[in-house]
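First comes one chain, alone, set out as structure tokens in the form predicted on its own.
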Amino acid sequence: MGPLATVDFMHKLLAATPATRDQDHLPLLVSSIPQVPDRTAAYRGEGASPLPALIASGRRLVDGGASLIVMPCNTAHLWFEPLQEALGVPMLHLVDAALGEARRTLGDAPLGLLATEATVTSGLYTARAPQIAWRLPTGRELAQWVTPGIAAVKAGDLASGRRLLAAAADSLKSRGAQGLVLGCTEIPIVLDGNAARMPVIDATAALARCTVAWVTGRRRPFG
């Protein structure tokens, strides 16, 4: 739902597409609606559900001719199933895309997860890959580094976001993480393997690659 994350996804989609001319690229409809209610607040029961706005946004795309929907927001995938049911078209699951890349590149190595409070505490990632020895930010780390870091990126303060999120990554590494899942689409805008000092799984880039594979007919499985 973040506009900067949307632009980042579009850039990675272009980079993942084997193209030598304009006509080789994927036809793309984008519905960027930053006013979708806050997903973490909704998960806590402290705000409106984002589902009606997600459905309205998705229907605009379907009405425009979209045959596949992707949603570059991790926390919004807490509403993935009812959204897909309402839209009635194929959707790719961002978390499955990221976990598929993690399995292919890092096996079952202990992984850290940087994501919103709702994504972490809901088990959105951990329940889909229980075989992984996850290293999760503590409540204090979420409050001190992760949540403010994501907020800084959304506010355009990329330097502060990078500093805060790198501190959280260092803490997860000190507790045994051998790789890091960037499970919020704001995070890879400022954090990469060099800043995290370990291999990273960029969920945004994983979704972009799966999208290209689906549209070009390869439909690579997530595993």
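Owing to the predicted nature of the structure, the values given are computational and were not obtained by experimental measurement. One rule holds for the numbers: they count along the sequence shown, beginning at 1.
Same protein, other form: the form predicted together with a further copy of the same chain, not shown, and the subject of what follows.
- Taking non-hydrogen atoms only, V36 approaches a further copy of the same chain to within 4.5 angstroms in the model of the complex.
- Although the partner is absent here, S31 is a contact residue: one of its heavy atoms lies within 4.5 angstroms of a further copy of the same chain in the model of the complex.
- a further copy of the same chain is not shown here, and in the model of the complex it never comes within 4.5 Å of any heavy atom of G47.
- Under a 4.5 angstroms non-hydrogen atom cutoff, a further copy of the same chain in the model of the complex lacks L68 among its neighbouring residues.
- The candidate site formed by P3, R60 and G64 is fully in contact with a further copy of the same chain in the model of the complex, as each residue has a non-hydrogen atom within 4.5 angstroms of it.
- Of the candidates M198, L26, A42, A166, L26 is the one whose heavy atoms come within 4.5 Å of a further copy of the same chain in the model of the complex; the others do not.
- Only one listed stretch (47-55, 168-176, 190-198, 150-158) carries heavy atoms within 4.5 Å of a further copy of the same chain in the model of the complex, and that stretch is 150-158.
- Heavy atoms closer than or equal to 4.5 Å to a further copy of the same chain in the model of the complex belong, across 73-107, to no residue whatsoever.
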